[in-house]
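Have a look below at one chain only, the form predicted on its own, in structure tokens format.
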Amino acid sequence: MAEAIETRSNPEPVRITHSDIGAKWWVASALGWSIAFMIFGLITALKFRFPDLWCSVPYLTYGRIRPVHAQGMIFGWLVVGNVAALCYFVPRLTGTKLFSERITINAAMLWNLGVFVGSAGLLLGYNKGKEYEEYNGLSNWILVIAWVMLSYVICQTIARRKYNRMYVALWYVMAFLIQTALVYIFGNIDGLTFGYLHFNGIADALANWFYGHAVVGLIATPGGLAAAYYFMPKAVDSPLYNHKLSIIGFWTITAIYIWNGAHHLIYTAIPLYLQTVSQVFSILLFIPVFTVVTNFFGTVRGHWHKAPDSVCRNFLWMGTLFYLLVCIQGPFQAMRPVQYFIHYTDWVIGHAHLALFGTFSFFIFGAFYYMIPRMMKRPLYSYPMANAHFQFAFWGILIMFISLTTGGLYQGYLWTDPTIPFIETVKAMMPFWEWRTVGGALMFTGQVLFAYNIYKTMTLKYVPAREPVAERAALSAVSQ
């Protein structure tokens, strides 16, 4: 029989009132940055179909706005959203208050400053030309200092926990804090040292794609799974299916993911054995992925009927399905015969969007829809608006993923024919890019609804009860 571990762990001896002020700062930051950087993403998608769009404005050229969008959605939305979630659930899992709300707020302000300085530098043309590590040195230092401050608060909170046993979400939180620091410093060492320390040649390519892949595997993944492991059992009011399985998944994903970055460099000048190693470890990723998916589906087993009552559950379940799909696709596309067709094509872009938006953004959406009403001790402003957000986000990412995946396959096929001029392969992609823009517009519309809904919930003094019956009953005695 599966071992059942309650997400609440042991009951608290004394009921604690959490102010959640620091969490609210990170929530507000995540909402603001998500809208800003998705606007840049939408403009980027439009430029594929209309290359001359705003070409006379240097700040809106493709080479500047694309890294603003990519870097911003990772470090302004995903990381910030995950931090907001952990600032909410870490005190509740440890049975103590957050160590310092003031330091948490200062860290949020400093992190926002770092994202702003980095984005402004990109718009002004300061770019290192390396995927996901394009922020300037000043921005890098601000972000690192902010992360150290935040990590100090969270580690002190965990160290003062009232419970001896650490729930798996706390394991992932610790990994998220440590791995983000190590990966970011390693990947941006040239910016942090203002160019005095750097990699050259093949070593630079390997370091870049260790970092590029680790941004997803060692930053977004532990942050997203930490939130999912806490909010999934909460959403269905059921204990976690198997605690031991979650620990197996934690250690295997930590051990395996660091070896996968070189699969971005198949058929390049890096040593052949490194390409092979990256492929082998890409296949081994099936181990942690299936432990996570098995745990989540085991947790919700018998509770599927609750899905229509909670948009939180819808986002978490769909995020889990997308996680399974993206982690099947990843090892598959790392194989040399597949790489032969999809290397450098839009297939890879579709895969990245499915991971970062379809999986980890969906986890954040689910987390916010659960924790915001409980932080504010009032119902969500509009459940119909939240359900509309789910529809826009789901169909938007699905359209974008399908168009980029099929377009990438066709693009790769055309590239294998040396008689076809390259410009003709570009023209052939136009219909796929049009659908990509449609998908992006739907995702952006959903994000606007999401941000407005959360904003109204957090700012109105009174919110009429417009939630489903199940949610109204759950919120009648707002839990911690």
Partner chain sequence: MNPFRSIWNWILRLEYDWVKVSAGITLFWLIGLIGLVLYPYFVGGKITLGGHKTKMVTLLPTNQKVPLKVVPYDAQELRGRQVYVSEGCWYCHTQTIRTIAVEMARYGAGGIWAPYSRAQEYEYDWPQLMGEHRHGPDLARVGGIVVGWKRDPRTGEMVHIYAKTKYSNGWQYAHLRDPRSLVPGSIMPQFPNLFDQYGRPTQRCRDLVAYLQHLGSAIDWRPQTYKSIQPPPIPIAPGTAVSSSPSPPK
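Computed from a predicted structure; not experimentally measured. Residue numbers count along the first chain shown, from 1.
The same protein also exists as the form predicted in complex with the partner chain; that form is not shown, yet it is the one meant from here on.
Annotated contact segment (heavy atom within 4.5 Å of the partner chain in the model of the complex): 182-190, selected among 182-190, 289-297, 142-150, 394-402.
Taken together, the three residues 195, 274 and 416 all come within 4.5 Å of the partner chain in the model of the complex, as judged by their closest heavy atom. When the partner chain is considered in the model of the complex, residue 265 lines it closely, a heavy atom lying within 4.5 Å. A residue is said to contact a partner when one of its heavy atoms sits within 4.5 Å of a partner heavy atom; residue 131 meets this definition for the partner chain in the model of the complex.
Contact between residue 332 and the partner chain in the model of the complex is not found at the 4.5 Å heavy atom cutoff. In the model of the complex, the partner chain stays beyond 4.5 Å of every heavy atom belonging to residue 162.
Think of it this way: in the model of the complex, the partner chain has a heavy atom of just one of 376, 324, 205, 103 within 4.5 Å, and the residue is 205. When you look in the model of the complex, the only residue of 388, 178, 138, 74 with a non-hydrogen atom within 4.5 Å of the partner chain is 178.
Annotation for 236-254: interface residues with the partner chain in the model of the complex are 243, 244, 247, 248, 250, 251, 254 [heavy atom within 4.5 Å].
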